[in-house]
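One chain comes next, on its own, written out as structure tokens in the form predicted on its own.
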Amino acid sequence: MQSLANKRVLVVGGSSGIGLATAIAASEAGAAVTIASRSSEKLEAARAKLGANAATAVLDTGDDAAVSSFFSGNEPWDHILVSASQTASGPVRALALADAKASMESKFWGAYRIARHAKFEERGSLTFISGFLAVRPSASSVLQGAINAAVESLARGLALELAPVRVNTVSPGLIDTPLWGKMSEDARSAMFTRASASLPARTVGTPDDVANAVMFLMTTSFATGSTVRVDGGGAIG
């Protein structure tokens, strides 16, 4: 495995959840970490967990000019993780078309813009976060499955286009992140209990579980064009 000591790591969507867990893991491994997010308040709260050596950047992946300017103003990166996205859920015939387009804009086109403008060291890496719905669709989350599949396909193609930069995807299942914070504690607990019982791993995932997979892909020089599922067996259960 490659070392992350003194490597420059950018985590887009690094202010919470999977992104923050990865930023913490990379920082503990000796990397110089920058976390990027649209919210300056969330970034400052996250930096308190990372320590004074972490850098922050306000960045909206939906703004192509801002993404271009950000990368033009920074040195090449050794590793980039794109974890930022906001996607709506619901049946195709019930979900407003505007919400569906906004979801695709956030998760797919946000990742596309990063890939388009990012500057990498010669053997750097780019990692996307997708989701197991790409391979196990749900009748109530058709759009999310389609977006995740598109992100994984994008990564495989970019692994060829950007070589020798390595491009991979991590595909999580149900992960206990702030994404579920709008649910009541009782409802969230009941959902996790039901999910745990149905999964081969008999538990839901944590952000650290996904961060471990991202760290593997960042530090394994022979991994490119890959999708690593961290879903408790959700795709096969």
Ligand SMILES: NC(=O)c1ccc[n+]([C@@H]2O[C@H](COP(=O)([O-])OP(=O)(O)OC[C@H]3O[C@@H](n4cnc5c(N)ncnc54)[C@H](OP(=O)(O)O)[C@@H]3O)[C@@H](O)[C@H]2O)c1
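What you are looking at is a predicted structure, and each value in this text was computed from that prediction instead of being measured. Don't overthink the numbering: it's just position in the shown sequence, from 1.
Just so you know, the form predicted in complex with the named molecule exists too; it's not on screen, but the next bit is about it.
From the list 47-55, 171-179, 23-31, 193-201, the contact stretch for the named molecule in the model of the complex under a 4.5 Å heavy atom rule is 171-179. The named molecule in the model of the complex is approached by residue 84, whose closest heavy atom lies within 4.5 angstroms of it.
Contact check for residue 42: a heavy atom falls within 4.5 Å of the named molecule in the model of the complex. At the 4.5 Å threshold, heavy atoms of residue 16 reach the named molecule in the model of the complex. Using a 4.5 angstroms threshold between heavy atoms, residue 125 stays clear of the named molecule in the model of the complex. Shown here without the named molecule, the chain has 129, 130, 131 in 116-151 lying with a heavy atom within 4.5 Å of that partner in the model of the complex.
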